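The form predicted on its own is given below as one chain in structure tokens.
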């Protein structure tokens, strides 16, 4: 057998057995190039740390308990903000999508406030709430809210009118139509909005932690800047990227695919 085909066959079997391997392979050239540039001394080591430097920093911060504690703080803040954003966004999206009066009254303000970036609120939030959890929670809720609302409205309006009429002709009440027709039909769009909202919320959280936080991964990176520790900044960037990649690729994307398959929008 051709060596290239044999290598590809081994890789295909390995990735089928260990799916995580397929996610790691694309990063190998990036890490290799990074390692080569660092070893060549193109940039001063203090400004451009090598992969082993980052690994040592990771081990040191984990051993001291700093990175696990900060990571736990960031994830907890995102979870609270995302839950609040969903609790507000989904009912609001259903209301705007189902009611013409609500759409006429609320759609323009939604578009207006969507255009105001979450970080643009920080100056006034600092005056109102100071440097604390309330400010960061508001930023996350605000960021998650709009993708969830807008995608929920899109999902509600994409449900065929014939399904509403069929349910009414069978004697279904409005609450039952909402629960058994509208929500299932809108659910794929809601999941997509949640996936996008969490991605935006994660970035907004890190930015807020850099500016107003006293803990968290964003604070770790900003504190490292004050100390001139580039290796900790790079480590923070890698942790942020890997964590979100795991959450999006291994949790949110499968849920989105399963939802679409369940309601017939895509095929297996």
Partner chain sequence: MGWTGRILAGAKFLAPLAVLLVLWPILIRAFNVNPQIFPDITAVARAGLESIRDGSLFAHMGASLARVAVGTVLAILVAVPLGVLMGVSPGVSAFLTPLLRFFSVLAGIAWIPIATLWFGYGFGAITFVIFNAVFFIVAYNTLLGVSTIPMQVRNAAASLGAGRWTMLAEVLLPGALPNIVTGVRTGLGFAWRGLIAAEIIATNIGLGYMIFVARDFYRTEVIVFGMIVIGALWLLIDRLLLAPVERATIERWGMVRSA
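Fair warning: this is a prediction, and the values are worked out from it, not measured in the lab. Numbering follows the first chain given and starts at 1.
Beyond the structure shown, there is the form predicted in complex with the partner chain, which is absent from this document and is the topic of what follows.
By the criterion of a heavy atom within 4.5 Å, residue 225 is counted among the residues contacting the partner chain in the predicted complex. Taking the partner from the other structure, the partner chain in the predicted complex has a heavy atom within 4.5 Å of a heavy atom of residue 241. Proximity of residue 114 to the partner chain in the predicted complex falls within the 4.5 Å heavy atom cutoff. Within 4.5 Å of any heavy atom of the partner chain in the predicted complex lies no heavy atom of residue 41. Proximity to the partner chain in the predicted complex, defined as a heavy atom within 4.5 Å, singles out one entry of 194, 96, 140, 150, which is 150. Although the partner chain is not shown here, in the predicted complex the stretch 125-149 places heavy atoms of 126, 127, 128, 131, 143 within 4.5 Å of it, in sequence order.
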